[in-house]
Structures are given as C-alpha cells and as structure tokens.
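In the block that follows, a single chain appears as structure tokens, in the form predicted on its own.
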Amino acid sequence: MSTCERPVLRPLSQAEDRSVLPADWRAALDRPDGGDLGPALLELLRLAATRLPDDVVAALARSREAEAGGSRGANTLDTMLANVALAEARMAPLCQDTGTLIFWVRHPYGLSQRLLRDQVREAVAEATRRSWLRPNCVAAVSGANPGNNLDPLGEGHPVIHFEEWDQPGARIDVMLKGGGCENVGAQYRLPDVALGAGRDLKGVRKCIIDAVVKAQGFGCSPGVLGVAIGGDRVVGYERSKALLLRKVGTPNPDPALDALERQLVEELNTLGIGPMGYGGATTVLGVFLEELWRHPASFFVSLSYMCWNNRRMSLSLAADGAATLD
C-alpha cells in the first residue's frame, strides 16, 4: 500500500451482491419473534466480522499521516489498512480472533426476549459454521469447546443486553471484542495512594494514563478507550464497554468530559508506545468518558480497551420492518 493511502470500501448499499439479507426482507415487530430476524442478524454478524467501520478506517488513515515515513509505526499502520481492504474484498474476518460477542438489543413492547435470544444464538452458530466467527467460547476450567460459540447454559456467550424502550422500531448493536484488548482492561478504586489519584477528574486522568502505560502494545494499539466514572464494579464495566459503540471523532455532550477526552488523546499519543507497541505517534484513536452515579463510599474508574480492530455494527429496524445496517 502506498504511503498515507486510505482503503476504499464499497458503501454498504453497494454490497448487496454478497449480502445474506434478501432485498425484500422485512421484520414483523408486531409479532413476538419479530417475524424471524435470523437473516438480518446473520448479515449483522457478517459485516461486523469482515468490515471495519468507516470512522475507524478514517482514524487509522489520519494516524498513518502522523507517523514518520518508513518508521515501524508507519509500516504497521500500512499493514493494518491493507488488512482492512483485503478483509472487505474477500469477505474474510478482519482478525483471526473474532472475539467475545456482545449484543445490545433495544426493542419495543411486545417482543419476546426469550425468542430474540434464541434467534441471536442461532445466528451466532450459523456465522461460526460459515467461518465468519472463530469458535471462542470455552469452558473456564476444562477449556472444552462446543465449536459453535454457544455456551450450553444459554447465559454466558454470546453476551446479550436487553432493553425495552418506548420507540416503535428496534436496534441491535454487536461488538466483537478480542481477548488481547479485554485482558488489558482495568478498574481503579479512588483514592489511589500509589498513583496519587484523588476523587476528581484529575484522578481519573491519572488512572487512564496508568492503564495505557501498563497495556503497552498488548491491547493491539492504537486503541479506543471506554471509561465509566462511578457506578459499582459491575455497572462500571458494563457501561465502559457500551461506550465503545460511539463513533471515533464524535464529541462528548458534557463539555468538561469532552475537553478531558481531547486532552487525553493528545497526551496518550505522546507516550511513544505506538501501533502494536512498536513505537510511534499513535497509541490511541479515541477516549470516551461517561459519568455515572455511585455510592458515597465508592469511587470506581472502569476502563475497557478496544484494539485498533474496533469491530462493531448496528442493525436498525423501522416500525414497518425495514432494515438498515451501519
């Protein structure tokens, strides 16, 4: 790939020749099962595994321009961008680790969460059979692998978060979160004497910098960070992962947090860790912050790290059943 070249991906609207979703497909949101969402869920997984979102591709291309020509950072980003183009062209997974599958399902009243869960699991098994997903679900102690990405109890994998909302349509988001970036996530309890971090945004900043320094290249940098400030230990981690659904470059609606996000991106990119830890000007692509409510006695900072291969995709279903993928 030539220097600073950004891969040109075909618009989703022009990729129908490879879509597994029939052109005339419609959901039926007045039925408990949504009218068989299987084809739409399978297309959602195909795109999530093989196509990097446009905002992430643009961020990688901008980062490539910031690296010195011929440097290890520049060469690494060139390889990443070439990989993006090859995966889309060949309809192949962007990475051999297709990650833990996390779904967020927002639906109107009347849809059955039990039936929706069954359809999500069926789509995951079919996507695994087609080799769009690697079978990553194993028993914790024995390592036994069922080979279909489904835990036998139906609760652990894929991870599915349900929410009933007051809109007539539905939205299903999926994230493929690799094991390497999951391993470098972190949670801090403030105040932290070792870091000199108090219960304020200055303390939050110190936690984030510490986490990135400790991660080095093991999270497959340049990363995207989701950081939940507050909550309890469980809610903090859940929200930090949901923050990774934000598009790179979008502003935070909270002016103070938006300013801190911009400051952190600038500061973290001076650490010299660079792409994959090989050194360079780009260690992170973005930082997303959110303030939560907390118990007065607790102050947690929960950080989820997403690798450069920031695989996510959204399926929106209008009230009339029309599907949009983004």
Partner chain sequence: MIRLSTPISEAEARRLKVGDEVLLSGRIVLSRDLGHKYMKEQKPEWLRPLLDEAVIYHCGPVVARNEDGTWRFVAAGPTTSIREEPYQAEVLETYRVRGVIGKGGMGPRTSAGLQKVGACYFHATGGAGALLAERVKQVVDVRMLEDFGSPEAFWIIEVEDFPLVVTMDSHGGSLHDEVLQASQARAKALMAL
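Positions refer to the first chain, counted from 1. Keep in mind that this is a model prediction, so the values were computed, not measured.
Just so it is clear, the following notes concern the form predicted together with its partner chain, a form of the same protein that is not shown.
Using a 4.5 Å heavy atom cutoff, V213, L271 and N309 all lie near its partner chain in the model of the complex. Looking at 32-40, 272-280, 56-64, 289-297, the stretch with residues near its partner chain in the model of the complex, meaning non-hydrogen atoms within 4.5 angstroms, turns out to be 272-280. Interface membership of E267, defined by any non-hydrogen atom within 4.5 Å of its partner chain in the model of the complex, is confirmed. Interface membership of M80, defined by any non-hydrogen atom within 4.5 Å of its partner chain in the model of the complex, is confirmed. Residue contact check for R90: one or more of its heavy atoms lie within 4.5 Å of its partner chain in the model of the complex. Among residues of the shown chain, F218 is one whose heavy atoms approach its partner chain to within 4.5 Å in the model of the complex. Note on contacts: among K247, R117, R171, R72, the single residue with a heavy atom within 4.5 Å of its partner chain in the model of the complex is R72. For the options L190, I209, V159, L201, the one in contact with its partner chain in the model of the complex, meaning a heavy atom within 4.5 Å, is I209. Heavy atoms closer than or equal to 4.5 Å to its partner chain in the model of the complex belong, across 115-147, to the residues S131, R134, P135, N145, ordered by sequence position.
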